[in-house]
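As a starting point, one isolated chain is supplied in structure tokens, in the form predicted alone.
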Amino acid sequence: MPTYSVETTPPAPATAPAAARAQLLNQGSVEQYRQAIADGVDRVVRRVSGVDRPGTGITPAELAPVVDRVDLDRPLGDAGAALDELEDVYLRDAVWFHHPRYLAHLNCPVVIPALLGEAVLTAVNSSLDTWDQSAGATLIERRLIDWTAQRIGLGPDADGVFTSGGSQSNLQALLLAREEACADALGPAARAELLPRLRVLTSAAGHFSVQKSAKLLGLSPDAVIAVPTDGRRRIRPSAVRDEIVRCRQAGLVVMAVVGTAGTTDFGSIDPLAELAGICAAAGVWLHVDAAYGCGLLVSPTRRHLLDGIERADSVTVDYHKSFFQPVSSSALLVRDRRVLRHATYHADYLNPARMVEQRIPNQVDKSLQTTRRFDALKLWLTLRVMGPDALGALFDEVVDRAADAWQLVSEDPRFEVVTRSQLSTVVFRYLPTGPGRELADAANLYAREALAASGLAVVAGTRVDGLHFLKFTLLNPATTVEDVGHVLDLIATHAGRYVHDRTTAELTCPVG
């Protein structure tokens, strides 16, 4: 480390080149900002205008070398050149959720007011942890939390916070449930003795984030108990009641029951009112994972499917699934705002305790995150431009379309279909006839991969009772019954060809 004599002047700090400073958004660079953003928007517009299929079918092995060849230590020095390169490494092979034959996962097309919000929030770059970093953004997020809580019916003491997605919301909900269950365990020894005995009951068709959350929360490996479902893939309330009794008899503590309003595979909605009654009688925290089904909160025709959700202790919602918002836009809501204290930590440099006394609203007091995007702005502008009824009508459209798709598949002798969804999924599989029937699993796996490789459509896959099935997830109001029928024909062609080739090969080349 250098030392300096009294007469020596330390070297002046290095000054960033003018070209680097010019890239900072400020009064002097607003026209450069406007041009760069306009150029980027133009590229997207050209791509969206020319999209004729949801993907190109490119493989990781094909695209990885293209990305790997980019030398990140040698800048191009020009936004236009960077966008040209981006065409090759991203835009050309992007998966387009707005295409009507993207039928795979819970990815929705997005509404324009939300994209406007995205552009504004990224430029201003508010951080939603403290008031002195966000001001009005804090109040907008709080207002949207209140609006959502009112839609759910959680009551006057409700509160919540925006999150990165359903998995984070479920994690925080179970953290709050764990802390409430441990409230009477005074002292480290009592808490250490209680933690291995905590249990979470959830549907066998529930989301995997419940298991992941239990692991992150330090619960025992067998803490999550998968409760059986009925023929409609909904959790059995009687089985929940029996499991609570069994756990207590075994000296275990059920810290939470997780009900699901829209399972990922089947779109099934658990009997929420019955679960609420059971949990209330047993003194158990009820969390409802409505990441998928939250669109029903604005549905003009199907809001009743969520009856009972108003009695939950906590609720997960994903606006980026069924409110047609860009990722990420999600929230956790709680019935009693006091429980959010379990996520509160005060730092002298950020949110000292005295700010609470001064009634300064700091969202970090409620959140697992510190620095956090102003994702609420997207939903705010959507509601101000379109209104909730319009969003609900769009969600109703996709649920109606899924009902039509289920009818189409169920009447097609080439396929077998699982239970009819309460939301917008269809789980089905191609079913070969004759000697090829035993190839059903392999044929469906092949058909999905072949379809993806063609880029003509994208469907999901899952396992049901140990067998391979395919899945449509409809979240695009532009998808028609004709689109669904066309994709079914493509699947049947791929699967049928696979079965034909395999059975022909076995007949012409018998074993031995």
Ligand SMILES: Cc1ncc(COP(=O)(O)O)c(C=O)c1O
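Residue indices: 1-based, along the sequence shown. Predicted model, so just to flag it, every value in this text is computed and none were measured.
The following text describes the form predicted together with the named molecule, which does not appear among the structures shown.
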{"item": "is_contact(Lys378, the named molecule) in the predicted complex, heavy atom dist at most 4.5 Å", "value": "no"}
{"item": "Contact label in the predicted complex: Arg429 to the named molecule, heavy atom within 4.5 Å", "value": "no"}
{"item": "Touches the named molecule in the predicted complex: Thr425 (any heavy atom, 4.5 Å)", "value": "no"}
{"item": "Asp318, heavy atom within 4.5 angstroms of the named molecule in the predicted complex", "value": "yes"}
{"item": "Interface segment, criterion being heavy atoms within 4.5 Å of the named molecule in the predicted complex, picked from 262 to 270, 123 to 131, 401 to 409, 236 to 244", "value": "262 to 270"}
{"item": "Sole residue of Asn170, Ser314, Ser322, Thr202 within 4.5 Å of the named molecule in the predicted complex, by heavy atom", "value": "Asn170"}
{"item": "Among the candidates Ala214, Val254, Leu106, Leu144, the residue which, in the predicted complex, approaches the named molecule to within 4.5 Å (heavy atoms)", "value": "Leu106"}
{"item": "Interface residues of 189 to 209 toward the named molecule, as seen in the predicted complex [heavy atoms, 4.5 Å]", "value": "His207, Ser209"}
